[in-house]
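So this first bit is one chain, no partners, the form predicted alone, shown in structure tokens.
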Amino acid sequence: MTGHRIRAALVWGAYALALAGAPWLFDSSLALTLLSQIGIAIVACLAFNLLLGQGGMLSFGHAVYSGLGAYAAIHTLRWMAAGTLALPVSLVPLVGGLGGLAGAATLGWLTTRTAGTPFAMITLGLGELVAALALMFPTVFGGEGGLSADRVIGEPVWGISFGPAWQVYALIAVYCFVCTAAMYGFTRTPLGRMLNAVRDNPLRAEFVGYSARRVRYRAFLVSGFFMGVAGGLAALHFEIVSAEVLGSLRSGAYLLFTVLGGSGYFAGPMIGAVLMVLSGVLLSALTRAWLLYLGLAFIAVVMIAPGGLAGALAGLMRAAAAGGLRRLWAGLATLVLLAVAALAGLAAMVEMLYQRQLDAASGPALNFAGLSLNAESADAWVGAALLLATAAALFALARRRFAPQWAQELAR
């Protein structure tokens, strides 16, 4: 076995071990719910990145296919409960995949006729169209209230009824691992390689005999199928589906967190998926300004680290392998400390502004990171502004000095 295969076996083994061992480390109901959502988000973000990262196709309406998969799965569960369809519950996510594939085969035929900005605009329009149509057909989509179903159907098989949360997580973990491996394998197929070629230079791909449109369409089908699987898993987990899953807000979340994780790396969307769930559940519980912070984080990553968090981690690993971390650690530590200080100043101003504008009835005092701030006090505003301005200016200077050193270490 070559060194490359040994490293690949170790990485995939560690991934499987992480999925299997996570519920043993985090065994509370909340943790199992978060882990299940992370598994679903990993499948969805990886499927989305088959278009964005591998094919250079920016879709603003890709939640449509996970939503159609979720509706296909929820209808299947209802038919199974009514006795009109006999199917193991463990195969319901595959039905969701077929639902996403059917939607991609229909809408993708139109969207993949173009590329670039027209492709993005058409996906946005079709996404909004499907979301609006869903509310016009309540018999199929359940209207604003959505459709619900019970995933516990029939007698348990080998003691598995999919009633307990850990059994649902185990099913999601298996699908997550298999789908991750399948999508990684797709990127290594001739079609996956041609998708990269179409992304980089469609004219040259056409010149050597490949139809860029057909390559984009086939990749769109693959992505739609896995988006549908993610939707089917979500239907099993939540046991309810509403028209919200088809909307542009969900599509924007897939885009934002895939870019945050790093669309240029296969593992980048997996990092983004973890952030998507943690920010949506935990950060939203800490502050009402969490969407504002997400927007600022997105802008910062695009401007400072275009490769996303995966790109930054890959750079650090290359520098560590070359023995360059000991030359970089001082600069990195300075940048991190200044970034934290600037973020603290900005967050203090945002929280005081929210306290004044949205929570004035509870008074001007607020607790910020263990400190008592007064939103009506000029001293608090001046102190936060000075901290933000000073730390941001020093960060810009330190980054200007650090950038050549970073580039030099990566070039070694």
Partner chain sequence: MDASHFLVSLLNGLSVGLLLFLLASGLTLIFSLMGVLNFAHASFYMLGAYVGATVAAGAGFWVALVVAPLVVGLAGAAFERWVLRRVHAQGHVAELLVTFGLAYVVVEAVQLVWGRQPLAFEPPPAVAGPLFTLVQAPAGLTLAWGAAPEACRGEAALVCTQFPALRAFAMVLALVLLAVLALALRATRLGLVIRAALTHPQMAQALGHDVPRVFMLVFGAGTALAALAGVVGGAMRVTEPSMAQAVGPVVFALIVIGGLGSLAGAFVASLLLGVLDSFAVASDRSLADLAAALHWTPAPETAALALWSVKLSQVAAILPYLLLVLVLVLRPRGLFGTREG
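Numbering follows the first chain given and starts at 1. A quick note: this is a predicted structure, and the numbers were derived from the prediction, not measured.
Omitted from view is the form predicted in complex with the partner chain, to which the following refers.
- For a residue to qualify, one of its non-hydrogen atoms must sit within 4.5 Å of the partner chain in the model of the complex; all three of 133, 253 and 296 qualify.
- Put simply, residue 303 is close to the partner chain in the model of the complex: some heavy atom of it is within 4.5 Å.
- Within 4.5 Å of some heavy atom of the partner chain in the model of the complex lies at least one heavy atom of residue 137.
- Taking the partner from the other structure, the partner chain in the model of the complex has no heavy atom within 4.5 Å of any heavy atom of residue 88.
- In the model of the complex, at least one heavy atom of residue 357 sits within 4.5 Å of the partner chain.
- Considering the partner chain in the model of the complex, the lone stretch of 181 to 189, 120 to 128, 143 to 151, 221 to 229 in range is 120 to 128 [heavy atom distance within 4.5 Å].
- None of 270, 215, 77, 259 but one reaches within 4.5 angstroms of the partner chain in the model of the complex through a heavy atom, and that residue is 259.
- Interface residue among 337, 322, 292, 197, judged by heavy atoms within 4.5 Å of the partner chain in the model of the complex: 292.
- Of all the residues from 35 to 69, those having a non-hydrogen atom no more than 4.5 Å from the partner chain in the model of the complex are 58, 60.
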